[in-house]
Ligand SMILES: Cc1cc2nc3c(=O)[nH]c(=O)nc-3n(C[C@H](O)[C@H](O)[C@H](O)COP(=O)(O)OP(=O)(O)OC[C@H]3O[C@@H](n4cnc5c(N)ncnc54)[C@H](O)[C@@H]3O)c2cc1C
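Shown next as structure tokens: one chain only, the form predicted on its own.
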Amino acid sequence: MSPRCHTVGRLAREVEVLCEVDVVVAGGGAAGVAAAVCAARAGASVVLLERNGFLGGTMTSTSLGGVCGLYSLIDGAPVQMVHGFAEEVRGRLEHAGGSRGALPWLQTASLPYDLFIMKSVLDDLAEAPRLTVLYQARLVEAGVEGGRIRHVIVRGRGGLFAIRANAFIDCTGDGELADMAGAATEYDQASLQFPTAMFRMGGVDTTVAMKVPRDEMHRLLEQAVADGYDLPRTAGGIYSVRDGIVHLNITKVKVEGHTPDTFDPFELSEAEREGRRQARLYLEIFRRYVPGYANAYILDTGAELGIRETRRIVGPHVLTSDDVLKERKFDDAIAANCWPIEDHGGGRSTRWVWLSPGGYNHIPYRALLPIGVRNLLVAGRCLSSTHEAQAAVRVTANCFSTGQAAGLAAVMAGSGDMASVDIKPLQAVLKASGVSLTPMPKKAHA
């Protein structure tokens, strides 16, 4: 293939305006569903744009396997810290038989879930009045005038169309809309966390496999390394919601020894292939070394690579590792994070830096405000933070929380600026919606 050394012009054309609404939400993952549903419930007309044919983002396309960030571990028991929209999802999962409850591990706990039931729960939530979900719809361009987004151009299967709105929320995970609109962003490819290819195994004796302690699993995988297997990672998350099936978060995908640049089409494509190669390697290792996996097979892999970090916006407040680890509180708080710094860097291990049992830091509203675009909010993993702080606040529960806050704030802003939203009324609406910004730990649901 010849080197990339040329450019071509973009063809100017008229694009049909499909509709005009109060709020456009880009990205239908945890943050996007929360933002869109909460904005619609608050009375706004909303369009939610999702590039896949289903909702859930990383939860369902990557096949994440478990919701992180809901719980703290106190005296060995999971206690729920995050509520609001996240609790509504948790409750619906439980009611539908899509979860077996909180799973403690290390110094925290997660909520394993059934992949299809998660999709179904999100479908049901999105049946809110005034909310329209457009699937297989990808952002192409943002029309900006005077520091405000006036419309977005979207590509559907049938071609291009435009949508006009007063307010926009970027929940793409990559800050796509913020970048298109000219907002301030950061992207340091050299320091990004490594991605993971998630996969599920069938044919597992889960009565045996799920009793293997995490430290014993680590020892067995290190033995495989000593025997000559080139494993990129020797510790990870293993969940089981159905007998005979396990979900594994165990790979660490590199391209030529470094973190892949997932904005580079060549490196991203190589990383996707490498992820599947690693899944086959781990199948071989688990069959040989780990009890309960002798007859295992790969049931499926995620539809795409599990990407932890890409572009981050720069807001009036950049959340730092000190904010997280010193458990700082803010007057403009819109969410509470109880997840530790979880940094998937080089080497076979993951770096954990823990908060105190029952401890939490606030995520301030200012971290959702991208500098340079007045009618845009950003929720989810690409909010305004440093690399280290992002390693804590990126998890699913926080995506639900920041999405909920962004959806309600967008309605309150109306046709005004997002920075003008009065924080106290926003916090009052969040509280009325079940959110606690000063969570008192309670025993998790069994």
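Residue numbers run from 1 along the displayed sequence. Everything quoted here is computed from the prediction, not taken from an experiment.
Same protein, other form: the form predicted in complex with this ligand, not shown, and the subject of what follows.
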Heavy atom distance at most 4.5 Å to this ligand in the predicted complex, all of Gly65, Arg138 and Asn249: yes
Contacting member of Ala389, Ala44, Leu49, Met418, with respect to this ligand in the predicted complex [4.5 Å, heavy atom]: Leu49
Selected contact from Gly306, Pro232, Gly244, Gly372, since only one has a non-hydrogen atom within 4.5 angstroms of this ligand in the predicted complex: Gly306
Contact flag, Gln80 vs this ligand in the predicted complex, heavy atom cut 4.5 Å: no
Partner contact for Gln278 in the predicted complex: this ligand, 4.5 angstroms, heavy atom: no
Contact test in the predicted complex: Gly407 vs this ligand, heavy atoms, 4.5 Å: no
Close approach of Ala31 to this ligand in the predicted complex, 4.5 Å, heavy atom: yes
Options 118-126, 319-327, 214-222, 196-204; stretch whose heavy atom lies within 4.5 Å of this ligand in the predicted complex: 196-204
Contact set, 166-181 vs this ligand in the predicted complex - heavy atom within 4.5 angstroms: Cys171, Thr172, Gly173, Glu176
